[in-house]
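Below, in structure tokens: the form predicted on its own, a single chain.
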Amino acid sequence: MAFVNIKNLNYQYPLTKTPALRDINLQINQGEFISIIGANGAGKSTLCYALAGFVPHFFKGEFSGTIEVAGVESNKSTLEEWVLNVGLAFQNPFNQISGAKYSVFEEIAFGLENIGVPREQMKSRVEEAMQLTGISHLADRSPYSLSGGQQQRLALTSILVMQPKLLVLDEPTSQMDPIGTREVFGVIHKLTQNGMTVVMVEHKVEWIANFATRVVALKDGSVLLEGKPNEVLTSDALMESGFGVSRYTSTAREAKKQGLWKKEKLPVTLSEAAEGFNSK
């Protein structure tokens, strides 16, 4: 049985005329790193909210279908119970800062305080999580003094310290430079190697190609494509849906029309493009 099982999921926000999610069926195994992609308005963030239990527990509207994580259904659990198993890092990290704490360390510990974790255990878990995400040097800083990229790392750390069974990330590197992006993808890769299941909304296709187990492309709230990263990220249907493909994919696609690209598969990354153009 799949670790995450989504069956016939449909959802429509209140006072809207069209569904945000339509007939989503998706199974995810434990330890997989699934990347969700799609153009703006495709339903990516709404799917994150559904996995995290905010749909239908917080956002109301019309909901049907089931979401199971580790054999437990979201609509048969309270939101308070569900968030202990599924952690969500929002696209805007500022929305995730509690405003109740004066330092990064205290902010990360806030969730553990709320569930009554003993003080010594709390301290060790916070220190371990900060070390994992590379923000130990920020422990005494105010959360509001951090850059956007640092706040995104803080939001991720605040989720990881809760030790969720499923980690859901909505564009967690949108405000990071290439070095920060590389480090965060490295952290996530390490987590999946240790058995954590990760669902990430992301637009940086080269990083997706290098790290994701599987890619799910959404369009108008429905699953357009699902498969291995190279298969989905080089698909003509993806390009036609309005999602920006890799520069290397588009270059090789044009080269193929002129007989200059000889390989069967199109590239997504620089290394794949270099190998293809250098081959005879």
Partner chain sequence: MVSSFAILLLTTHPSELMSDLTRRGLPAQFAYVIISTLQILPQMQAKAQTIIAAQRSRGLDTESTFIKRVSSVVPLVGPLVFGSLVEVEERAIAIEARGFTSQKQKTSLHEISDRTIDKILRWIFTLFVIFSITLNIWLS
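Numbering follows the first chain given and starts at 1. If you're wondering where the values come from, they're calculated on a predicted model, not measured in any experiment.
The form predicted together with the partner chain is left out here; the points below concern that form.
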(request) Go through Gln152, Thr197, Ser158, Ser74 and name the one with a heavy atom inside 4.5 Å of the partner chain in the predicted bound form. (result) Ser158
(message) Since only the chain is shown here, I'm wondering whether Trp207 would be in contact with the partner chain in the predicted bound form (any heavy atom pair within 4.5 Å).
(response) no
(message) Met162 versus the partner chain, in the predicted bound form: is there a non-hydrogen atom within 4.5 Å?
(response) yes
(request) Verify the contact flag for Glu171: yes if a non-hydrogen atom of it lies within 4.5 Å of a non-hydrogen atom of the partner chain in the predicted bound form, no if not. (result) no
(message) in the predicted bound form, does His137 come within 4.5 Å of the partner chain, counting heavy atoms only?
(response) no
(request) Within 4.5 Å of the partner chain in the predicted bound form, counting heavy atoms only, one of 128-136, 104-112, 178-186, 198-206 shows up; tell me which. (result) 104-112
(message) Residues Ala237, Trp261 and Leu266 are flagged as a possible site; in the predicted bound form, is every one of them within 4.5 Å of the partner chain by some non-hydrogen atom?
(response) no
(request) Can you tell me which bits of 67-91 touch the partner chain in the predicted bound form, meaning any heavy atom within 4.5 Å? (result) Leu79, Glu80, Val83, Leu84, Leu88, Phe90
